[in-house]
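Take a look at this single chain, the form predicted on its own, given in structure tokens.
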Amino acid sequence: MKYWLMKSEPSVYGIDDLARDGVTGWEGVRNYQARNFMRDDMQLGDLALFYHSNANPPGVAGIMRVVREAYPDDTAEDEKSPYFDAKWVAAGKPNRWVRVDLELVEKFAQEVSLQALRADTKLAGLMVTRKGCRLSIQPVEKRHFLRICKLGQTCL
């Protein structure tokens, strides 16, 4: 099993939306490295931290599980989607983007802010705490994952 951190702006899609929906396709990823993590490395059962980015404060809100491995992200071909890839479609090239499906495992009793992540010495090296690290999907070490779960007061 692998562990991940996946970012979403709560104004676009937050953990409460996932709680309502039960399962969601993680669409709109338009960064090659993040796409490659989903396409090449994510497997059924992997766990991911749901991170609210561009929030006040930003932080980890809960845990998700991969319930469907990578498949084509059709929003790239939908002209009405904010994730439409006009340049690629106009060139007549096949869809290059993927998504995975995730289900909610647990919403944290208390969100773990970015400030709290940075302040915790046990989380040294956690990618999201590095200045300038904007990658929307990041691998997380198991020890970091478990520490964040503890900070979020989860029963895992």
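What you see is a predicted model; the values in this text were computed from it and never measured. Note that residue numbering follows the sequence shown and begins at 1.
The same protein has a further form, the form predicted together with the DNA, not shown here; the description that follows concerns it.
Chemist: Thinking of R118, C133 and S136 as the candidate spot, does the DNA come within 4.5 Å of a heavy atom on all of them in the predicted complex?
Modeler: Spot residues vs the DNA: full contact, yes.
Chemist: Heavy atoms, 4.5 Å, the DNA in the predicted complex: which of 42 to 50, 123 to 131, 66 to 74, 103 to 111 makes the cut? Say which one.
Modeler: Correct option: 123 to 131.
Chemist: Would N36 sit within 4.5 Å of the DNA in the predicted complex, counting heavy atoms only?
Modeler: Taking the distances in the predicted complex, the answer for N36 is no, it never comes within 4.5 Å of the DNA.
Chemist: If we define contact as a non-hydrogen atom of the residue within 4.5 angstroms of the partner, is K87 a contact of the DNA in the predicted complex?
Modeler: Residue-level check for K87: yes, a contact with the DNA.
Chemist: Is N95 close enough to the DNA in the predicted complex to count, meaning some heavy atom within 4.5 Å?
Modeler: Because no heavy atom of N95 falls inside 4.5 Å of the DNA in the predicted complex, the answer is no.
Chemist: For 5 to 33: residues with a non-hydrogen atom within 4.5 angstroms of the DNA in the predicted complex?
Modeler: Residues within 4.5 Å: K7, N31, Y32.
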